[in-house]
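Here you get one chain, nothing else, as structure tokens; it is the form predicted alone.
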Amino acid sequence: MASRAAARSFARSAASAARAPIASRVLAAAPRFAARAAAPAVFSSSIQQSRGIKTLNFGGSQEKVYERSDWPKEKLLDYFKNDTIAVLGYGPQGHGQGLNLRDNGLNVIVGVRKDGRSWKKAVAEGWVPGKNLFSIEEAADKGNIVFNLLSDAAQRDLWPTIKPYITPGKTLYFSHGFAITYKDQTHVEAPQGVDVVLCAPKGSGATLRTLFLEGKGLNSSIAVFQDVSGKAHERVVGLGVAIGSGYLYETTFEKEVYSDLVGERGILMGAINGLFRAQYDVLRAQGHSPSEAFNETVEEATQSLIPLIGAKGMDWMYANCSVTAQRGALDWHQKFYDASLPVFKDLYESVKNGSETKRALDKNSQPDYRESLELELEEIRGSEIWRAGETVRSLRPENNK
């Protein structure tokens, strides 16, 4: 019900905006934004732009943001014309970033275990053995910019193999602060004489690739851990644009991995899965059908409310749902906050003290990890909530052809 009211409000605003003059569209669609225009600077977007660099006000904090307009394709090709970018690993990030770099015209090669699953996938996608597809050692040797996009466990296990090829003058690039931040566990030390940088897309490699092909861009975080050349920051901004990023935000290796690990285990996947299960189980225990429980728990959230929150904000969502939903959500959100805050504090501390990473590395390094993972996924796949969801998804108009 809440989503239907909000969707109708959104549609009315959009239709009205299409008819209204540009100068009046924002005020016509959402009068409360007029008050924000007169509010203190904390609500404004104070912009100081120099080509593609902006200083923006994020809730009262000034941050630099870098955008692709400062790095058109011609500049990328000229800046990296003498470079060979070696992408080690062809998993989610290696796949997406490697293809985007190649499509941007840069000199990129891929390094994976010869004749393995990733090697065969790379060949199927146009990488040619001996030309731009090599073993990990060969690629690391040939590249002067080395993208270490292996899995976290593989970065630890293969670092002794890769390290001899990361020689002075090269750039070592990561998309996760994991290996460097938890060096006591991974033993990945930043080599002397080498720039060490990070560009972490805020999403999967598949999303990065899809948005790139659509002419869009995924936001990414950038960081410099070691700047020997004096150009590490400039180089990582260029590389961030070259892999398909839309905007680039500054961070550190440590902050990137802390926020990333907390996010994955929290809102992005772990917490959402737990909340879905809890609400679904309560509804089922009270006699609601699987379809009704799934629709009210997952379908309405993912197909209606969350996209609207992403597009318009939580305040807009509250203002444009039914008064019953509005009142209930406002009254209950604090209870959920109070219940979950201690869990998030524990989660952050486990990430910060390294116990979370130790557990992940130990588990992921076990020889039967893929088999045990499949058992865990099968348990989720076979649960009633997601079996019901499979049927609900099949009924969506776009899937019912």
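Residues carry their position along the shown sequence, with the first being 1. Just so you know, these numbers come straight off a predicted model, no measurement behind them.
Keep in mind the form predicted together with a small molecule is missing from the figure; the text below concerns it.
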Region of this chain that lies against the small molecule in the predicted bound form, out of 198-206, 238-246, 74-82, 269-277 [heavy atom, 4.5 Å]: 198-206
Interface membership of residue 143, the small molecule in the predicted bound form, 4.5 Å heavy atom rule: no
4.5 Å heavy atom contact, residue 131 to the small molecule in the predicted bound form: no
In the predicted bound form, residue 113 touching the small molecule (heavy atom, 4.5 Å): yes
is_contact(residue 89, the small molecule) in the predicted bound form, heavy atom dist at most 4.5 Å: yes
Contact residue in the predicted bound form, from 172, 99, 150, 139 (heavy atom within 4.5 Å of the small molecule): 150
